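In the block that follows, a single chain appears as structure tokens, in the form predicted alone.
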Amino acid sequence: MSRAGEFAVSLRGVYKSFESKKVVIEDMSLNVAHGEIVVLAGPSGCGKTTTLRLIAGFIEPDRGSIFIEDLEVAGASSVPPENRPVGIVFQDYALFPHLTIEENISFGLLKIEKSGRDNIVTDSLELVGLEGFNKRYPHELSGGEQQRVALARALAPKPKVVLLDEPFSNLDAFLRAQVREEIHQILRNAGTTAIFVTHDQQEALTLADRLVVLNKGRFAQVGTPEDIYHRPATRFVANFMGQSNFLPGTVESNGISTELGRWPNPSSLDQGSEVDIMLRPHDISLAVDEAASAVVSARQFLGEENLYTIRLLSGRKIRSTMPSHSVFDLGQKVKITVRRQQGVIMKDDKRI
């Protein structure tokens, strides 16, 4: 077991259920390193916001313990939310509309003398690129600027960890991408430990040093964004973290036989075993070939790329992404080329 203080945040065997007796968090253990950005991702109801609320102290675990550095905040002892060294950025920012920006930021600094508070407010606004905004009110700022003020307020007391709950969900798509990049850089510059919650796959992949995918209160997979995207541990993770194709295969003496060719059998699976090969649409490319048996059955124009649905000879459909200038007519026969090294072999919905 890790030593107290070795990590910025440690959850050890945490359980949480509610009055319905439904277990929301089950045997969760996680260590977050100092300065690490961890993203909790998963569908609605998987337990990610509950995890954040447990760390913040808004709810208490039924079992297990939570440490922030060497301070046990839940478990054998309990620390109230206001005394935990935690900063929080809420989904709706939760800025006080009747207070100026400097008053919002200094709200959690009332125990510090005024000159000290003023210096912290100035430094916080400089950190988030809002110098000179001291006397403005929240309604005078854009959504992205309000988000940065909320982060400045969370960072001002110098917390050990910042918790961000769906912080970009109220922004439009263009602004969301811009603010996400800005907030990510601010946290990097500050060297702050942060735990994000999101259901947005692109956000999760973009922000995380380490990504935690939850499903029904348990960890489905923990790893780098690249590893989780390219080597998902389960069918659930593969589908949640992006579009996926699952190509049935049968293990034979000379490899795994599929409708799109043969894969090596790296795990010495028994002959006759039924498996699936998981392929991302980007791993499948197309070329016009009138002698081919595969046919384009649908196309979605996504701006930078086209998403094609291809009907194979068996009637099975797979998806392929191609550059936006690669346009194939519906009904066009196409040759399929697969990046075989990217195929992930799964049996019983789990990676081999």
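These numbers were taken from a predicted model, which means no experiment stands behind them. Don't overthink the numbering: it's just position in the shown sequence, from 1.
The form predicted in complex with a small molecule exists for this protein as well; it is not shown, and the discussion that follows is about that form.
K.L.:
Does the small molecule come within 4.5 Å of any heavy atom of residue 53 in the model of the complex?
P.N.:
Yes, contact at 4.5 Å.
K.L.:
If you check in the model of the complex, is residue 24 within 4.5 Å of the small molecule, heavy atoms only?
P.N.:
Close contact exists here: in the model of the complex, residue 24 approaches the small molecule to within 4.5 Å, heavy atoms only.
K.L.:
With a cut-off of 4.5 Å between heavy atoms, is residue 44 one of the residues that contacts the small molecule in the model of the complex?
P.N.:
Within the cut-off, so yes.
K.L.:
If we define contact as a non-hydrogen atom of the residue within 4.5 angstroms of the partner, is residue 182 a contact of the small molecule in the model of the complex?
P.N.:
Residue 182: no, not in contact with the small molecule in the model of the complex.
K.L.:
Tell me the stretch among 31-39, 44-52, 306-314, 282-290 that has any heavy atom within 4.5 angstroms of the small molecule in the model of the complex.
P.N.:
Among the candidates, contact is made by 44-52.
K.L.:
Tell me, which of 166, 72, 259, 145 has a heavy atom within 4.5 angstroms of the small molecule in the model of the complex?
P.N.:
Flagged contact: 166.
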